[in-house]
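Only one chain is given next, in C-alpha cells, and it is the form predicted on its own.
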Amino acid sequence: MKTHGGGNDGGVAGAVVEFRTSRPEIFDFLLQEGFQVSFVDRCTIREFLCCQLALCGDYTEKNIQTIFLNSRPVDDVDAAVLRGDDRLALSAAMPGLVGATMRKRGFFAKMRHSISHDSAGGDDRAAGRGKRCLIQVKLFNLLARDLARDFLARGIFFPVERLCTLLGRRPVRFFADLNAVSVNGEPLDSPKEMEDRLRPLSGCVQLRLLGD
C-alpha cells in the first residue's frame, strides 16, 4: 500500500468517497483486509487508541486482547511506539493455544518472548513527534465490526484498484445499506455507480462515513 507524503491526512492522493449508513459494519471486509489511517507520529499504542481514536476504557481493555506491531505481538501498549508506515493489527481474543500465547500480557506470553515486540528505541519519540502520517491497520474478528464506525468516521485510505475489485464482489444488499454516496463531492444517483466512478482512478481512495 503506497504512502504519499504531505498534507493533514498524510497527503494520500486520489478520490474521496463519502457516504451515510446505519450499518458501518458492512465494511468489515475492508477493515480485515487492511487499510491506512492518519495519525500523529510517534505516539504509543494507548495514545493512538485513546487520544486519537477515542477508544478508551472497558472496551479497549476487555476486547482488544491481541496486538501485533510489525508482525510482532505486543504486551505493553504504553511502551510500544507507533511510527509512520508501521503495521498495526488488533484482534479480540483468538482461540486455541496459539491465540492464548499471542494474547497481550497473557499467561503464555513468556513462551513467545523471542518474537515479541521490543519497545527499546522509544526514546527517540521527541524527534519528529507531532507530524501527521499514515499507519497501516488491520482489524480482526469482532473488532472489524465493532470499530467500523470509529475508523470510517475518521476516514480510511484504501487502494482504489483493490476497492473496485472488492466492490464488484459485494451483494446487492450491501449497496442497499448505503445512502448519500458521493465521489469527490459529486453525489451518485445510485451507490452501485461507485465502482464505475472509481475504476479509472489510481492510487488510494479515502472512505469517510458522514454523521447523521
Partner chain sequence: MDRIIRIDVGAPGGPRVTEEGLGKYAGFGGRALTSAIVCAEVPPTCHPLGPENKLVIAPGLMAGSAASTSGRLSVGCKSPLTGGIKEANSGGQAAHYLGRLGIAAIVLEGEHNGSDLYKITVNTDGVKVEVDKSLALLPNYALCEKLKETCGDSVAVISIGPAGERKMSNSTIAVTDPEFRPSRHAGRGGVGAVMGSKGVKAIIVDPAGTKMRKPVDPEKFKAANRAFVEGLKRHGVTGQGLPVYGTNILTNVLNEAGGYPAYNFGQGQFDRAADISGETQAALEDERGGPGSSTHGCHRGCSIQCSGTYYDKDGNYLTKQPEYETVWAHGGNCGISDLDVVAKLDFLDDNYGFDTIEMGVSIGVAMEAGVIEFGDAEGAIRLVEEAGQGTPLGCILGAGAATVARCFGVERAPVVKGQAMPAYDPRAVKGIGVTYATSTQGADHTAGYAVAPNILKVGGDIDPLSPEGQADVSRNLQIATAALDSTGFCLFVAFAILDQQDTFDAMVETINAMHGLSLTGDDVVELGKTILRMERGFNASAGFTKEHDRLPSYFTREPLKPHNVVFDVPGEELDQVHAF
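Numbering follows the first chain given and starts at 1. Only a predicted model underlies this, so the values are computations on that prediction, with no experimental measurement involved.
What comes next is about the form predicted together with its partner chain, which is not displayed.
So in the model of the complex, is its partner chain close enough to residue 99 to count as touching (4.5 Å, heavy atoms)? Yes, residue 99 sits close enough to its partner chain in the model of the complex that at least one of its heavy atoms falls within 4.5 Å.
Is there a non-hydrogen atom of residue 106 within 4.5 angstroms of a non-hydrogen atom of its partner chain in the model of the complex? Result yes; residue 106 sits at the interface with its partner chain in the model of the complex.
Does residue 113 reach its partner chain in the model of the complex, with heavy atoms at most 4.5 Å apart? Although its partner chain is absent here, residue 113 would touch it in the model of the complex, with heavy atoms inside 4.5 Å.
is_contact(residue 77, its partner chain) in the model of the complex, heavy atom dist at most 4.5 Å: Close contact is absent here: in the model of the complex, residue 77 is far from its partner chain, nothing within 4.5 Å, heavy atoms only.
Is its partner chain in the model of the complex near all of 153, 192 and 199, within 4.5 Å of a heavy atom of each? Zero of three within 4.5 Å in the model of the complex.
I need the one stretch from 153 to 161, 179 to 187, 42 to 50, 139 to 147 whose residues put non-hydrogen atoms within 4.5 angstroms of its partner chain in the model of the complex. Residues of 139 to 147 come within 4.5 Å of the partner.
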